[in-house]
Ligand code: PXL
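There is one chain below, alone, in structure tokens, taken in the form predicted on its own.
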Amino acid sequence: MHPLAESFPSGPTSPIGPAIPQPIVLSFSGSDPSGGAGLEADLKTFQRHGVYGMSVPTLLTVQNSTGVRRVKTLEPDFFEEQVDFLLQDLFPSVIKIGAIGDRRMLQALIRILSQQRMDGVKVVVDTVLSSTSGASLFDMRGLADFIDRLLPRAFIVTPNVMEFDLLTGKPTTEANAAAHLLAFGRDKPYAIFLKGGHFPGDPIDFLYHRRQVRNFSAPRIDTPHTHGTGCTLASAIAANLALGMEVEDAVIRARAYVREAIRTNPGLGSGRGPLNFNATV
């Protein structure tokens, strides 16, 4: 195991001089006013992992633990201005992308990631195409550009089963998941972490990386409070990559964190409540 995976850092310090600079992770995603998903979950997860988190919102939601009532994509020109000015001063080693909204925002993200200064930045794409409650968080008319122009900029993508079905155009089961990953991933420059929470029974996750597939299984935790698990997992992977971990170690550590965050959830809200972002592994 990578030495940084032994425990979560409490923050970089130096007893004889200035603090060691923290790795920086930047999130592009939607805002969840309940704090359980989206940018709010990303920043909490970054903080827990000891990396410095920044965020630029792509969209706003009317949302609580019972679901999403309304989605408003923000103005892409203003989004790009925010990003450009931010990066003139603070530059990330990892970018995490979550909910995008409409096709104009997708094009803005493609323009940003196509810039030469982004060479070497690792991009984690959480393929958020709809909320758990069914609200649309992506204009599906942009799916082809999402697959052909955005995803090739990624270092790793983290679809759930339903999202992976949209990417591949065919249904995925636990039995054929490895074969589908090998077929879809063989010409792709990025790793794929397929989240198996929607499979029946105990969930099995699959990681496609370097033309190999590894699976991870664990007992299902019996709780309704799983709001923001996808956002949190992708953000934990991003933080671990920023800390210097290799892909497989970053995924293993992120899974352990999210499982403990689910197990120790605070039980808030009358619907699908948030995780415990202070979980310790």
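Remember, predicted model here, so these are calculated numbers, not experimental data. Numbering starts at 1 and follows the sequence shown.
This protein has a second form, the form predicted together with the ligand, left out of what is shown; the following refers to that one.
A.B. asks: Please run the contact check for V251 against the ligand in the predicted bound form: heavy atoms, 4.5 angstroms, yes or no?
C.D. replies: No, V251 is distant from the partner.
A.B. asks: According to a 4.5 angstroms non-hydrogen atom cut-off, is L137 in contact with the ligand in the predicted bound form?
C.D. replies: Residue-level check for L137: yes, a contact with the ligand.
A.B. asks: Even though the partner isn't displayed, in the predicted bound form is V128 close enough to the ligand, meaning a heavy atom within 4.5 Å?
C.D. replies: Yes - in the predicted bound form, heavy atoms of V128 and the ligand come within 4.5 Å of each other.
A.B. asks: Just checking whether S31 would be counted as a contact of the ligand in the predicted bound form - the rule being heavy atoms within 4.5 angstroms.
C.D. replies: Taking the distances in the predicted bound form, the answer for S31 is yes, it comes within 4.5 Å of the ligand.
A.B. asks: Can you check 210 to 218, 233 to 241, 33 to 41, 252 to 260 and let me know which stretch has heavy atoms within 4.5 Å of the ligand in the predicted bound form?
C.D. replies: Residues of 33 to 41 come within 4.5 Å of the partner.
A.B. asks: Which pick from I95, L109, V157, A99 sits with a heavy atom within 4.5 Å of the ligand in the predicted bound form?
C.D. replies: After the contact test, the surviving option is A99.
A.B. asks: Would you mind checking 53 to 74 for residues with a heavy atom within 4.5 Å of the ligand in the predicted bound form?
C.D. replies: Those in contact are L59, T61, Q63, V68.
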